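One chain comes next, on its own, written as structure tokens: the form predicted on its own.
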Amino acid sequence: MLITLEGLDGSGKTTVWEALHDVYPDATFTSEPTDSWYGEAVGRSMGDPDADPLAELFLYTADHANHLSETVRPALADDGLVISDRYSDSRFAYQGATLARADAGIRRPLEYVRGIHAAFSRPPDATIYLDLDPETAAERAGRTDKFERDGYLAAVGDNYERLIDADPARFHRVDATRAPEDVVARVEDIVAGLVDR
């Protein structure tokens, strides 16, 4: 089973991901961007305010393809549980918003990004969405890079809502404004229910 954690910057995905390590010690824990050289290229692009948004999308896509072949698919082939801190939905939401703001000449950018992934990606079995308003997300994240401004995060949040509306059975919404221990407990309950199915 592939379970992904999604949400705006500052929503607590990494905190939840780390807490789940203790509960599922035999699971494969992974994240995107990865720590491969593809992921390093993504990191460089994220830190460049002038990076071309279409080129950046393809860096993320290359990192995702490598993540699938090196980590996700082998673990699933062994009937393992994979828990990923960010996955393809982050790409759809974030790069879709980036392309919408850029003069990239792409109509329907969210659908464009999803279409690129459709040919090769492996959809999650379940996605836990840590729901947080964009203003709080930007404050928590510290607005340290181009992806953490609240105006931009509002557009990202809208894209997440479109993704949830398109596939409501896959998404499990968690109120990320609650205390961290409450958020972790709620996510642990959801994952337990998914694994016990």
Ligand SMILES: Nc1ncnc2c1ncn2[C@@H]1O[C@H](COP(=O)(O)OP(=O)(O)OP(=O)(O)O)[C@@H](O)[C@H]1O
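The numbering used is simple: start at 1 and walk along the sequence shown. Everything numeric in this text was worked out from a predicted model, so none of it was measured.
The same protein also exists as the form predicted together with the named molecule; that form is not shown, yet it is the one meant from here on.
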Report open or blocked for the site once the named molecule, placed as found in the predicted bound form, has been superimposed by the C-alphas surrounding the pocket (blocked: 3 or more ligand atoms within 2.4 Å of a backbone or C-beta atom; open: none).
-> open
Interface membership of L20, the named molecule in the predicted bound form, 4.5 Å heavy atom rule | no
Classify R140 as contacting or not contacting the named molecule in the predicted bound form by the rule of any non-hydrogen atom within 4.5 angstroms, answering yes or no.
-> yes
Contact between A176 and the named molecule in the predicted bound form at 4.5 Å, heavy atoms?
-> yes
Although the named molecule is absent from this view, report whether V183 comes within 4.5 Å of it in the predicted bound form, heavy atoms only.
-> yes
Members of 5-38 lying within 4.5 angstroms of the named molecule, judged by heavy atom, in the predicted bound form | L8, D9, G10, S11, G12, K13, T14, T15
